[in-house]
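In the form predicted alone, a lone chain appears below as C-alpha cells.
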C-alpha cells in the first residue's frame, strides 16, 4: 500500500506546489520581478483564514475567502509600496534595480513574518478544511481535504489558463512577457498590465496559502521555506515558464514525498536541492526556460 500512498500524497502536495509557483513565475515572466516575500504572503493568507474561521467563528468558507482577500491586499501593498517605488526611482541605476527589488521584497517578507509571529505567535496553525471526512482509495484511507486540495489547485490553474489564452487581458499579459515595448506601441499601458498580474498573483498565492494551511498547517517560521520552495521550482522549471514550473512542481513534490516515506521526513528537501544544483550546472535556463 505504501507505493499508492506515496502516489496519492505526492500528487496532492505537487498540485499545491504547482499552484504556489504558478503565480510566482507568471509575475517574473510578465514584469521581471522575483518576489521574495512570496512565502510570507502565503502564510498571512493561511493565518487569517485560521483566525477568521476559528477565533471569529465565521466558518471555513468565510475564513478561506478572508485569507485570499488578505493575500490579494498584501500583493497590492507589496507592489505599490516596495516594488514600484524602486522601479521608478531615478536615483537607482537601471542595472541595479533588480537587486534592489530582491532585497526590498526579502526584507518586506521578513517584516511580515515577524508581524505574524508577534500578533499570532509562531505556533503551527491548521486551517479548518472546507470538507471533512475520509475516503478509501484502493485500500488507502485518504482525507477528503487532501483530494480537495489537489482538485482546487488544478481548477485555479485551469481558470488561469483560460484567462491567459481566451481573454484580451490575458493575451496582453502574454504579449508583455514577450515584447513589452511593442505592447505599449499598440496603446496598452504597462502599469495596468502590472497591476493585473499582481492581482492574479495575489489570488493564486492566497488560495495556495489557505489550502496549505488546511492540508499541512503553517506557522510564521514556514515563510522562508515556502519562498525557497517556490524559487527552486521556478528555477528548475525555467524562469518565466509556467509550463516548466508545473512540471518542476511535480518533480519536487514526488521527490520530497518519496524521500519522506523511504528515508526520513527531516531530509525531504535535500534531494531536491541536489537536483537543483545539477540542473543549474547542466542546463542553467531550467527545463523549459527561455532565459
Partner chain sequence: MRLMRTSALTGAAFGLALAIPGLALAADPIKIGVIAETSAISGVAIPNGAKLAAEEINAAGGVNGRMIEIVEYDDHNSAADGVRAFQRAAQQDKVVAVIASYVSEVVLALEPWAGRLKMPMITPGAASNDITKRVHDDYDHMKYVFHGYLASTQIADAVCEGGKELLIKQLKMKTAVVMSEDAAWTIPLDEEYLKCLPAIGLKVLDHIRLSPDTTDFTPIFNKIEGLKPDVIITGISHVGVQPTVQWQQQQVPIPMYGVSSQATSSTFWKDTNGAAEGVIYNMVSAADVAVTPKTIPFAAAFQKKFGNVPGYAAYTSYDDVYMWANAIKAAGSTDPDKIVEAMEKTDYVGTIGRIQFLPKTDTFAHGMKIGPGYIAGLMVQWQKGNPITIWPTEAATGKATFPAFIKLPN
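No experiment lies behind these values; they were computed from the predicted model shown. Positions refer to the first chain, counted from 1.
The same protein has a further form, the form predicted in complex with the partner chain, not shown here; the description that follows concerns it.
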Heavy atom within 4.5 Å of the partner chain in the predicted bound form - residue from 148, 203, 157, 216 = 216
If we take heavy atoms and a 4.5 Å cut-off, which stretch out of 67-75, 157-165, 119-127, 191-199 is in contact with the partner chain in the predicted bound form?
-> 119-127
Mark residue 19 yes when one of its heavy atoms lies within 4.5 Å of a heavy atom of the partner chain in the predicted bound form, and no otherwise.
-> no
Answer with yes or no whether residue 261 is in contact with the partner chain in the predicted bound form, where contact means some heavy atom within 4.5 Å.
-> yes
Is residue 143 close to the partner chain in the predicted bound form, meaning a heavy atom pair under 4.5 Å apart or at it?
-> yes
Tell me, yes or no, whether residue 222 is in contact with the partner chain in the predicted bound form, where a contact means a heavy atom of each within 4.5 Å.
-> yes
